[in-house]
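The chain below stands alone and is given as structure tokens, in the form predicted alone.
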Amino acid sequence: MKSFRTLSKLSALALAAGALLTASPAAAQRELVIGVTDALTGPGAVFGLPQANSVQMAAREINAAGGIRVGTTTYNLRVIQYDDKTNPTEGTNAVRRLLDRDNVKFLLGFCCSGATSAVASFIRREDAVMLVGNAAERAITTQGIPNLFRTRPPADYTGQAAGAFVARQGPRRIAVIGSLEVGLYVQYLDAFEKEFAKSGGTIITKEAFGLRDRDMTPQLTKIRALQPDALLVIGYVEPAAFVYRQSLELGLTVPRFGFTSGSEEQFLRVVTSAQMEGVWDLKPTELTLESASPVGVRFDANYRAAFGSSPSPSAPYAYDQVYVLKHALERAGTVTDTRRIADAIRTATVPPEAVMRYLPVGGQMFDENGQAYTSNGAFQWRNGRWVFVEDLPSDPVDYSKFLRSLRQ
């Protein structure tokens, strides 16, 4: 007969073994850090801050739903974010901190093209995956970078569709005012102008403003003297809002078309709803409740509840990035082999959680350039809000071939 001491030892061992079995799920629960670099202050913050918020919100949702299951391990997401201030040097420094100090392999956000392009210039040499959101400079996805993917389509993909739409509205002599020193706006305008000219339209002047300019009355006074049929405004939300307000104050009452994005709340900080009435925004089909799927409606409600304000229409580009990454990690079966993870993203379909309306190429969310496409849409300000009016014809397959032809 075994002694009491021997039985006690056996009982203790059994209890310890049981404790280990009970603890095994917790032991398999780990943390995965993802990094966000975006414009959190300055003129680009109207896009960057909502993107950063959207990444945080998606990470919380994924964690609350049980995390990301990779092999036998479940990961909860933790987000580190840095402010690139819409500046290429700041953007580079922020990404270097994420890579070198924080040991982050997954980079998200990227609302503005200058800072994003600076990072894109070296990211192929890094053991990391870069997911670009709102930044629309075409060259970001013409470099054949195997570990870079973008959810927003390039600006000229939208500009061509916008030029055809405006031509159908009847104007023949258009005056342009915008951020003409910024590459993505120049690309939008070039594509717009070529398409507009096919119907006999002419751009009679191109007036520039800076990202921090707020008084555009000199440019608008010159435009008024030329008696255009319509006005095309391209630029960040705040300076564009000043143009819409000041054009009416100067008696320039022609139709106003824009390429700006921005929520109602962002515009109404500068301009009244009455002054915005009738303005068009011709852009990728971004989030408005009128054009949103049930997923988009939930995103909007959850964002408002979490942050006490409305999301910018482009905010879901970053939200969708997180779910793209989640599914890629699960498919790749690794959180360390970035090459396998990039391959999983490259062959991914549109995730069911996606808010934006993507147009797959060959059944996949991203084309061979690492570029995703949404439809393009015509939105008009009516009675205090943006209303989705119609889709603008877009051909992602044809544009994808064009983008490939520019491969550097």
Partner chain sequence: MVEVLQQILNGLTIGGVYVLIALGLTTVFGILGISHFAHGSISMFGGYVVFYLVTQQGMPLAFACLAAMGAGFVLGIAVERLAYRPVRDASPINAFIVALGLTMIAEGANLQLFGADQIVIPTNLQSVFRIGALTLTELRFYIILLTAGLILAMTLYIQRSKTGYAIRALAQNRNAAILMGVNVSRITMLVFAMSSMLGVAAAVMIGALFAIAPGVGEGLAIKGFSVLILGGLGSIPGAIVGGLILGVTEALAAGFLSSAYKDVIAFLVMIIVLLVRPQGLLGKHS
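From a predicted model like this one, the values you see are computed outputs, not experimental measurements. Rigid core: the largest C-alpha set superposing within 1.5 Å between the two forms. Positions refer to the first chain, counted from 1.
Keep in mind the form predicted in complex with the partner chain is missing from the figure; the text below concerns it.
Engineer: Candidate spot T217, R224 and E238, all three in 4.5 Å heavy atom range of the partner chain in the model of the complex?
Structural biologist: Heavy-atom distance to the partner chain in the model of the complex: all three under 4.5 Å.
Engineer: Go through S293, T272, T72, T202 and name the one with a heavy atom inside 4.5 Å of the partner chain in the model of the complex.
Structural biologist: Checking each option against the partner chain in the model of the complex, the one that comes within 4.5 Å is T272.
Engineer: Identify, from the list N302, T338, S310, Q246, the residue with a heavy atom within 4.5 Å of the partner chain in the model of the complex.
Structural biologist: Here the answer is residue option Q246.
Engineer: For the interface check, one of 162 to 170, 272 to 280, 311 to 319, 324 to 332 should have non-hydrogen atoms within 4.5 Å of the partner chain in the model of the complex; which one?
Structural biologist: Every other range fails; the passing one is 272 to 280.
Engineer: Is L250 close enough to touch the partner chain in the model of the complex, meaning at least one heavy atom pair within 4.5 Å?
Structural biologist: L250 belongs to the contact set for the partner chain.
Engineer: Just checking whether D213 would be counted as a contact of the partner chain in the model of the complex - the rule being heavy atoms within 4.5 angstroms.
Structural biologist: Contact check for D213: yes, within 4.5 Å of the partner chain in the model of the complex.
Engineer: Considering only heavy atoms, tell me if A230 and the partner chain come within 4.5 Å of each other in the model of the complex.
Structural biologist: No, A230 sits far enough from the partner chain in the model of the complex that none of its heavy atoms falls within 4.5 Å.
Engineer: Please check if F106 has a heavy atom lying within 4.5 Å of any heavy atom of the partner chain in the model of the complex.
Structural biologist: Residue-level check for F106: no, no contact with the partner chain.
Engineer: Comparing between this form and the one not shown on the rigid core: C-alpha of K222 shifted by 2 Å or more?
Structural biologist: The answer is yes; the displacement is at least 2 Å.
Engineer: Look at R304 and decide if its Cα position differs by 2 Å or more between this form and the one not shown after superposing on the rigid core.
Structural biologist: No, because once the rigid core is superposed, the C-alpha of R304 moves less than 2 Å between this form and the one not shown.
Engineer: R245: CA shift of at least 2 Å between this form and the one not shown after core fit?
Structural biologist: Comparing the forms between this form and the one not shown, which are aligned on their rigid core, R245 does shift its C-alpha by 2 Å or more.
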